[in-house]
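Next up: just one chain, as structure tokens, the form predicted on its own.
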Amino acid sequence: MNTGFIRTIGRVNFIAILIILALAVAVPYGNLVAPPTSLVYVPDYMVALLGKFLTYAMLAVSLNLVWGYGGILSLGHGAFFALGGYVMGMYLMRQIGDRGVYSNPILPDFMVFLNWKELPWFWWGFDQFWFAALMIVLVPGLLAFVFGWFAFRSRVSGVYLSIITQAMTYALLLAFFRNDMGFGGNNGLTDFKDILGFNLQSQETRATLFALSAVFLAGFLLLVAWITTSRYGKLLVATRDAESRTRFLGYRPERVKLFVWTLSAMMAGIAGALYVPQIGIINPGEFAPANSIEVVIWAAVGGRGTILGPVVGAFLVNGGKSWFTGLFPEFWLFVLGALFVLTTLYLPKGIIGTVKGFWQARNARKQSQKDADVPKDTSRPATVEAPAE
């Protein structure tokens, strides 16, 4: 293994990526091969739950790229996640064919129920997986590019940009709730049968989707590590910390931010596309502004501006949510709000950021102690140079 590569992305990050890739093999093995009495057996519900957490971690990583390193606090990143989910849902709906309730080989059931006579033009091509895969990155990416083009060129930043992103996702929420939009209205898209000819309800397909989610998450972490350690990453951080000075030096901050903003939206779209077949439904509720705010909390708890922080935050918060909502579901929002306040007050760098800072301070103290313990060489007398004539 190239030690320079490991040194570039960080040894801890490299080990974490290897662990994620190992889980891509270990969890499907525990679900498909190991007997139920084995210690490594993984039940079906756990595969689905962990797969969902992996897609949430991917979404948090995409947000951290623009917020932690670019200083762009997006309160509407869930919109890109939902758009990728809807694109995948459209493909899965076209795969149902005549197996729907109304046995229409072309129109999805909700269109037949609403007396639609023909397939809308924006549904064309979604019977092909390659086209759907292309749209998964193009649709969120195009929306992010157009939004960012106007926002960043107008030098909208800070809380104003955050409010605009929240308004964007709320507008999409209202639009997708309409039945005449052609996306299933309030019910959304569901009752999926298969993907690429494989039954979505089978253990093998669900285990494969989990493995793909783990591989994509590892790829996202490698991508973020590569970007943030490159020259562009240094320029991105400089734009975050001193945008006016960066502009004075001749750079175009709006272009720097537009690139990372569009790339982050594409990453969120991929996360949404992997989320939908594992959950089995996509509806307008995914556009809810509260969902996007939760993603911010995941990144903050784990540690924004760190590579692994969003992954840790996504798993911890969603794991706590799964446990807490089973006991006291009516109090979860209060707990989530308190968690964000406590993190802001006492862990402003998040879990990973705090641990990293503690470790660096510890190493600095050790090094200073070593320097203080080194004996000074007093065997030779000090020489005094003669003054120049």
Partner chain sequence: MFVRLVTAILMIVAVFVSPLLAQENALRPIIGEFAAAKKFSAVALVIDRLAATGDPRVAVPLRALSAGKLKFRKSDNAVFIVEQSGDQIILNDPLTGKPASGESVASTSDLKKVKIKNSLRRKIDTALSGLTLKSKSTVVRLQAAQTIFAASDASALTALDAALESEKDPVVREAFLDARASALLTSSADTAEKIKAVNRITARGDQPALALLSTLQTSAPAELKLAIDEGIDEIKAGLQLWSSAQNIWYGISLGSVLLLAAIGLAITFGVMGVINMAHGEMVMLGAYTTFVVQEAIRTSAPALFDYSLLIALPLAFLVSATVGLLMERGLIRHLYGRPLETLLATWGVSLILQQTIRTIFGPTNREVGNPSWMSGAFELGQMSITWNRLWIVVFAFAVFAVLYFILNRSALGLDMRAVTQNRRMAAAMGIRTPWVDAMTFALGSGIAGVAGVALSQIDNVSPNLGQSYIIDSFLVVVFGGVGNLWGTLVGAMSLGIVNKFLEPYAGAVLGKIFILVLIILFIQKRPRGLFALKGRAVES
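Computed from a predicted model, the values in this text were never measured in an experiment. Positions refer to the first chain, counted from 1.
The same protein also exists as the form predicted together with its partner chain; that form is not shown, yet it is the one meant from here on.
With its partner chain omitted here, the record of contacts in the model of the complex names 158 to 166 of 264 to 272, 158 to 166, 93 to 101, 219 to 227, defined by a heavy atom within 4.5 Å. Although the partner is absent here, N186 lies well away from its partner chain in the model of the complex, with no heavy atom inside 4.5 Å. At the 4.5 Å threshold, heavy atoms of A290 reach its partner chain in the model of the complex. At least one heavy atom of F150 is located within 4.5 Å of its partner chain in the model of the complex. Although the partner is absent from this view, L174 contacts its partner chain in the model of the complex, with a non-hydrogen atom inside 4.5 angstroms. Between its partner chain and the residues G71, G182, G305, P253, the one pair within 4.5 Å by heavy atoms in the model of the complex involves G71.
Exactly one listed residue, out of A361, L39, V341, L327, brings a non-hydrogen atom to within 4.5 Å of its partner chain in the model of the complex: V341. Each of L75, V296 and L333 places at least one heavy atom within 4.5 Å of its partner chain in the model of the complex.
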